[in-house]
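Take a look at this single chain, the form predicted alone, given in structure tokens.
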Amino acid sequence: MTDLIKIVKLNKQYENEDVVTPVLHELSFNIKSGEFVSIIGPSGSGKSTLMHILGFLDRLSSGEYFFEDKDVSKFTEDELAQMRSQKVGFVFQQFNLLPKTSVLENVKLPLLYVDITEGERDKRAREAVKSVGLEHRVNYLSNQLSGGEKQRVAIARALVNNPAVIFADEPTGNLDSKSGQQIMKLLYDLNTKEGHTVILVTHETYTAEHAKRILKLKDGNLVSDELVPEDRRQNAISGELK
């Protein structure tokens, strides 16, 4: 596997008038194409800020960020927007679906600015819906779905552009335990069976252990970068059926 993401001495700080608030400190790590990596840490550790930088929603303050060997830190705002629309898919805790719009139309949203025919948009969206097991709900309005089904729609929407990486930010945070387990099994299968690169942000150890590797943040520092032992990973995955 080749490096998809390379981070070198990344720092992030926010400035408000004369007040400087450091958030991330000298982070360095690589993520290969096809990996499933969790970023874990307590509230305030900087994990969501890091995901926003990796997903082209925010900029680093100093250091280097290479995505597919391109130096992202030098990109213009238009270039970052293009990367967001073409290279990444996002899954958020809040689902972010249009409530009185069908599953199919919600999934098609990222394709609105892609230069393809309406027929091709429809085909891609239906394939994405099928990949998350919701083809029987394709014409339902999103406000007619359960929480777990809404998150599946959000994952289908993230997949529809065939992104290089899927970012999932606390994807089980608004779900009951059974639905959360099903969503984690889906992300696991998208990685292991279909080869999608997945980067998961969570504060829960058992959720993080669905990944092959865990980056742990504390107070904006990368305090560990460890592989998940296979027995612990299998225990997390088998727990989906309980």
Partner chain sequence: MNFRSVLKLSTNNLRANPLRSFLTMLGLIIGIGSVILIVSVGAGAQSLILSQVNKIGSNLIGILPGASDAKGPPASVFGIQVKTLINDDIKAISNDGRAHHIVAVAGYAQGQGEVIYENRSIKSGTFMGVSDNYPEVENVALQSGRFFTAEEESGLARVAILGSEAVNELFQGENPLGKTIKIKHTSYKVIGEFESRGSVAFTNQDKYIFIPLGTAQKIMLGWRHLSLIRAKIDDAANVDETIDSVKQILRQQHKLEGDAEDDFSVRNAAQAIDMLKSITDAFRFFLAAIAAISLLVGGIGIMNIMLVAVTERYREIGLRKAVGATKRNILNQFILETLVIATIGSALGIFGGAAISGIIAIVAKALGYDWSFIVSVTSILLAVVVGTLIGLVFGYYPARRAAGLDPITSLRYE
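Residue numbers count along the first chain shown, from 1. Treat the numbers as computed from the prediction; the structure is a model and nothing was measured.
A second form of this protein, the form predicted together with the partner chain, is not displayed here; the remarks below concern that form.
Contact with the partner chain, judged by heavy atoms within 4.5 Å in the model of the complex, is confined among 101 to 109, 68 to 76, 145 to 153, 132 to 140 to 101 to 109. None of S61, T205, S48, S28 but one reaches within 4.5 angstroms of the partner chain in the model of the complex through a heavy atom, and that residue is S48. Among residues of the shown chain, E118 is one whose heavy atoms approach the partner chain to within 4.5 Å in the model of the complex. Within 4.5 Å of some heavy atom of the partner chain in the model of the complex lies at least one heavy atom of A81. Remark: F167 does not count among the residues lining the partner chain in the model of the complex, judged by a heavy atom distance of 4.5 Å or less. In the model of the complex, Q94 approaches the partner chain with a heavy atom inside 4.5 Å. Residues in 6 to 37 all lack a heavy atom within 4.5 Å of the partner chain in the model of the complex.
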